[in-house]
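Starting off, we have a lone chain in the form predicted alone, written out as structure tokens.
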Amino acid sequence: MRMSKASEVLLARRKDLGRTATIEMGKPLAAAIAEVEKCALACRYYVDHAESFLADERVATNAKESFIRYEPLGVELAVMPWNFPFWQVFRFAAPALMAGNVGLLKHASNVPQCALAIEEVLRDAGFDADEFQSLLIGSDKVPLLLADERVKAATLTGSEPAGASVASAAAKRIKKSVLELGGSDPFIVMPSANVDKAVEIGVKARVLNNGQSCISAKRFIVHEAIAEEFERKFVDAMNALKIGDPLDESVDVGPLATPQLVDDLDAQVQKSIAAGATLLAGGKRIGERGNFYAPTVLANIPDDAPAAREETFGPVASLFRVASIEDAIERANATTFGLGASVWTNDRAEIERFVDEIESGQVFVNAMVASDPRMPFGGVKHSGYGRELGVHGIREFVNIKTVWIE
């Protein structure tokens, strides 16, 4: 099985592939290697489950025989980002190829070596150029690809503008699209929570991938009964993070991927402070070389400040105090995004309310938001539509054909 071989190749090359990702986009080396290992896990998952996920599904009707058949659509275009240069690709490629589709990858322009390495992994696993190709092209060529009748569908992970552009181009040609866009994920901490654990995981969830993740915790919504304790411990933990060369295994936070990201992030922070936010940690560039930004904590943030209403793509945490679960839910939903949410409580009634009332594609209780090959992944509102991973992901790009036999 070729996808099984791809899993083996990924594991055998994980150190080299991880180093390539670190050099191209700056994430800590250990995280990059772990990302490659996760790709191998996804390949293995679909090797084990694709057949059952796509098997004919019998349905009891008044026909002599009736069933649902899942058939491949054909060529699928994937427009992928740089922040998880291997995982974002394999979470589309593994199910797409196992479903019998063809994959075309238009990767981010700042990770070309990762794009070529992915093609090489799949080629060495036995997939040929008719089944998967990496296209080293600019974003201006994407509409041309979508206009080609051979391309049947598109999937994109990226920004809102990029998602709107691809979705519009696909819709003009009556082609399906799946979008995973930005997020401003809430991280809610209630009085019954283990505060020390919430701080530990909260910091990890904020600076994961140097803070450059759609599902990073960004808005920390803390009940006033424990707010001072959480704030003190959280600020101390953020200040203790080691920043530097991402190839150094002792480093916690590396550089942002591009100079423009640093400029944009700093502008959001400075505008938020000017609007009245209180700076508790960081809030500045670090060093004269590299795209380093200090882990930053803001509090007392006005509702119209960038740190309250925009996605901050870097190690910047926004703290909010609330007086009740109603206030926490209202604050969590006060965003155009709806990708993920992490809630910390040991109160079963609170858990049920958070699960029911938070507007999000996924809710994690006493854990940080993460993607898992076994579970569907995606968002609502401006965070996109459609799902990746799990059984739902492999069925996004198939023809769900009804068969009725008298």
Ligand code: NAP
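Since we're looking at a predicted model, the values are computed, not measured. Numbering starts at 1 and runs along the sequence shown.
The discussion below concerns the form predicted in complex with the ligand, not included here.
Remark: of stretches 282 to 290, 238 to 246, 99 to 107, 127 to 135, the one touching the ligand in the predicted complex is 99 to 107 (heavy atom within 4.5 Å). Residue in contact with the ligand in the predicted complex (any heavy atom within 4.5 Å), chosen from L122, V222, C214, A317: C214. With the partner removed from view, the residue among A162, A227, I301, L73 that has a non-hydrogen atom within 4.5 Å of the ligand in the predicted complex turns out to be A162. If you check the ligand in the predicted complex, you find a heavy atom from every one of S139, V142 and E311 within 4.5 Å. Using a 4.5 angstroms threshold between heavy atoms, W82 counts as touching the ligand in the predicted complex. The ligand in the predicted complex comes within 4.5 Å of no heavy atom belonging to A332. Proximity of A93 to the ligand in the predicted complex falls outside the 4.5 Å heavy atom cutoff.
Of the heavy atoms in V166, some are within 4.5 Å of the ligand in the predicted complex. Taking a 4.5 Å heavy atom cutoff to the ligand in the predicted complex, none of the residues in 1 to 39 make contact.
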